[in-house]
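Only one chain is included here, represented as structure tokens and corresponding to the form predicted alone.
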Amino acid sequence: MVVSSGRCFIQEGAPAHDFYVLTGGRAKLFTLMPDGRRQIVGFAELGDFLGLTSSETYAFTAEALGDVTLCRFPHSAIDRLVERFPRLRGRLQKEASSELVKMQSRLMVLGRKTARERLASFLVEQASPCCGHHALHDEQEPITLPLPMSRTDIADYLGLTIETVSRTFGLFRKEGLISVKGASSVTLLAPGVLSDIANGIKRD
């Protein structure tokens, strides 16, 4: 199925009859706070499973960042899918456990890191699907990343103001750590340094 930009395909609180696999594009995941404010809890990318660990209702809303393509499967079909594709069981278990790992990582970012460390963590997180966190630490070659989310979305996700995010992007540019062309992509000029910043490591 294809979902156009800005459309929601999972609604927080709706009955969780299905789970989804993102086969193209990106999506932002958010919840609504009691006062009506939105809190972004993550960004989904190619290959991510969404709604897999939901119980009776979905715990978040998923909105397309640009056009996205999805495969939708009913929860009731999981047993049949695993029987037909035995290797799928391990993948489903891995995806379910990774949601907890991502949540723990996010809590650490919000609770202990400076604005500089938070933004570096975000950029490293975006690069990790192609490089991996450990490989990125020693990476010297520039890496160009698509960033379809707005600066407001990034600020919301990191628990910062948009002014702080914009200022920190500017500092990273001045330090030669990144280059930005337009609003939808960024090049990590020093991935290893950014990885160290994200982890609170100071280089000599």
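In this text, residue numbers run from 1 along the sequence as written. If you superpose the two forms and keep the largest set of C-alpha atoms that fall within 1.5 Å, you have the rigid core. Since this is a predicted model, take the numbers as computed values, not measurements.
Below, we refer to the form predicted together with the DNA, which is not included among the displayed structures.
### Message
If we define contact as a non-hydrogen atom of the residue within 4.5 angstroms of the partner, is Ala183 a contact of the DNA in the predicted bound form?
### Response
Close contact exists here: in the predicted bound form, Ala183 approaches the DNA to within 4.5 Å, heavy atoms only.
### Message
So in the predicted bound form, is the DNA close enough to Ile143 to count as touching (4.5 Å, heavy atoms)?
### Response
No, no contact at 4.5 Å.
### Message
Using a 4.5 angstroms cut-off on non-hydrogen atoms, would Arg167 count as touching the DNA in the predicted bound form?
### Response
Arg167: contacts the DNA in the predicted bound form.
### Query
Closest heavy atom of Thr69 to the DNA in the predicted bound form, within 4.5 Å or not?
Residue-level check for Thr69: no, no contact with the DNA.
### Query
Is it true that Thr114, Glu163 and Arg173 each have at least one non-hydrogen atom within 4.5 Å of the DNA in the predicted bound form?
Result yes, every residue of the spot touches the DNA.
### Task
Would you mind picking out the stretch of 42-50, 145-153, 57-65, 27-35 that comes within 4.5 angstroms of the DNA in the predicted bound form, counting non-hydrogen atoms?
Selected range: 145-153.
### Query
Does Arg38 show a Cα shift reaching 2 Å between the shown form and the other one after rigid-core superposition?
Indeed, Arg38 is displaced by 2 Å or more.
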